[in-house]
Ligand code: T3D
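One chain comes next, on its own, written out as structure tokens in the form predicted alone.
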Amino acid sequence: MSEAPNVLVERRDGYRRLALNRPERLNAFNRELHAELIAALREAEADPDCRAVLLTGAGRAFCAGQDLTERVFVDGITPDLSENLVERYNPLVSFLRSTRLPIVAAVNGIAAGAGASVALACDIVVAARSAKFVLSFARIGLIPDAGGTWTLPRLLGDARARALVMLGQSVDAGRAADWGMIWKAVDDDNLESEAVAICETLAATPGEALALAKRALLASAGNSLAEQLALEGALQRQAGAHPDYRAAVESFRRKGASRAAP
């Protein structure tokens, strides 16, 4: 009997649903989960019929971060944790930020450590009210990784990011939404339907526009106003040359003409 996949993949109309599937370990990352998740994301990106990805967790957690059972200490050998970042987390977070696909995270339970960093690297984050974001790296002698020190100050501002990182406190979904850390907190029973509605909206939106918007937003953090204005011009030129734009304008005109007709 074959083992269950570490990532459950559902192909839906216009988007894919990916569920981290190690519920017995609260979907904590190990090597196999990393490999299957990045493979599933790349396969989705390569599919021209896929316009968005819904990322969630199986069971009662989104992701508890790194599976510490993979950490084996050997006397006389100092562990190099940067290897795991360079080989696994950094490519994953970079992909989430740079892919043409909008990534919607449906946080169904705890998102801790690198699991929180991965969720917050997604484009739109919706969370169940019972969900919690826990950045408790300091309590085990580490710093936030998987992009956490880049994402948190941009989402929360410096004061809240510093306190959250240094105190290691959890943030419930409602407060995360109030702080602008995530898009929305919803009742637990409505999480899936809310995430599906978002993905369906994205799947019906011109994909080139979404991909170019992601590029512009990602670049804005390091650009001056002049540089960003120039980038907007270049990307808008590209968007305007795409067939999606002409089709949308023609559809708008047809609808306007039909409304104006007696």
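This is a predicted model, so every value here is computed, not measured. Residues carry their position along the shown sequence, with the first being 1.
The discussion below concerns the form predicted in complex with this ligand, not included here.
In summary, among the residues Ala173, Met181, Ile103, Ile110, the only one with a non-hydrogen atom within 4.5 Å of this ligand in the model of the complex is Ile110.
Interface residue among Glu232, Glu200, Glu194, Asp67, judged by heavy atoms within 4.5 Å of this ligand in the model of the complex: Asp67. Taking the partner from elsewhere, Thr149 is found to have every heavy atom lying beyond 4.5 Å of this ligand in the model of the complex. In the model of the complex, this ligand lies within 4.5 Å of some heavy atom of Ser136. Among residues of the shown chain, Ala28 is one whose heavy atoms approach this ligand to within 4.5 Å in the model of the complex. Using a 4.5 Å cutoff between non-hydrogen atoms, Leu167 does not count as a contact of this ligand in the model of the complex. With the partner left out here, this ligand still marks one of 57 to 65, 206 to 214, 219 to 227, 43 to 51 in the model of the complex; by a 4.5 Å heavy atom cut-off that stretch is 57 to 65. Shown without its partner, the chain has Leu81, Asn84, Leu85, Tyr89, Ile110, Ala112, Gly113, Ala114 in segment 80 to 115 as residues with a non-hydrogen atom within 4.5 angstroms of this ligand in the model of the complex.
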